[in-house]
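Before any questions on binding or motion, here is one chain by itself as structure tokens, the form predicted alone.
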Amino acid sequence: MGSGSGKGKTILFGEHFVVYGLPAIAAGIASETIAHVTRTDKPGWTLDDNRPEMPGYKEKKKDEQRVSIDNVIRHLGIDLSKSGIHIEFGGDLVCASGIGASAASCVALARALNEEYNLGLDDDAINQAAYEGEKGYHGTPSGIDNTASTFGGLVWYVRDLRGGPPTFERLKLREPVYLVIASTGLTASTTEVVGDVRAKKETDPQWFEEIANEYSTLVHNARNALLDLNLDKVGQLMNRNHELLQGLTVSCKELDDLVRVALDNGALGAKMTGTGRGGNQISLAPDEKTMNIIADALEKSGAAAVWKTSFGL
């Protein structure tokens, strides 16, 4: 039996700004998906998906998952026409939007196949296989999710607006940082939200430029603060990043309420993460004890789901 794992991810800085060529910082979180692969006598593959989930997530993604698994197997050159495999997914990463669940499953599967078939792949090759798998879910993925899932730590990501490959830089922290992720239970259309921001930008270019210029300085300061483990500074920058996203009109009352609860209960910083107008909110905690306090408060406030994790290693 071959086994492998892939980390979940969260965007710490850069939602929406990354669309316009500004840097984003993503983190591979400690929560992970684990895959086990066992050979069988029957051709093809079968699956038991035992990952925890937000209600309805796995059923909604079933067809995309099938394409994704086929993509990974095909990319790795594994022939299942005569004898097949049974795949089992598990782990503590919840299947939910915005935390890299699909990428984590792709990375975990690639690693499990690598071990079972003695393919001798390094992490760069695993990352490429996972990217192919991500195409089943996202068509043309950015690559940031599978990179964070494969390598962990932090990923500094810059999109090439001329259509070339994006720039990835992998960063590691000296010690883990505690994070709470809370879900609003709401899902917005990424295409619609991104389109709204673009329309506002085209209507008032100066308005967008002022916000984008401040964000550009902010994200570089955030990178330095993270590498220095200056968490007070990171928290301040997260708070300001959330305010900038409010300015882009991509937050919502539910996200703002979760941010307020987190800050009132000891978070160093809190912000929306991902598309916005629903989805998830993240809170930076100074220590494990405070992480638990923040998580309890968010649960009591009515968050649809709350996860405690860490990032940086």
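Predicted, not measured: the structure shown is a model, and the values here were computed from it. For clarity, a rigid core is taken as the largest C-alpha set superposing within 1.5 Å between two forms. Quick note: we count residues from 1 along the sequence shown, nothing fancier.
We do not show the form predicted together with a small molecule, though everything after this point is about it.
The shortest heavy atom separation between Gln128 and the small molecule in the predicted complex exceeds 4.5 Å. Contact between Ala225 and the small molecule in the predicted complex is not found at the 4.5 Å heavy atom cutoff.
In the predicted complex, the small molecule stays beyond 4.5 Å of every heavy atom belonging to Leu298. When contacts are judged by a 4.5 Å heavy atom cut-off, Ser31 does not count as touching the small molecule in the predicted complex.
Between 140-148, 81-89, 171-179, 120-128, the stretch whose residues reach within 4.5 angstroms of the small molecule in the predicted complex through a non-hydrogen atom is 140-148. Contact with the small molecule in the predicted complex, defined as a heavy atom within 4.5 Å, is made by none of Leu154, Ser310 and Leu313. Core-superposed comparison between the shown form and the other one: CA of Thr140 displaced by 2 Å or more. When the rigid core is held fixed, the Cα atom of Val177 travels less than 2 angstroms between the shown form and the other one. Residue displacement note: Arg277 has its CA displaced by under 2 Å between the shown form and the other one (rigid core superposed). Three angstroms is the minimum change: in the predicted complex, the CA atoms of Ala104 and Glu175 sit farther apart than in this structure, by 3 Å or more.
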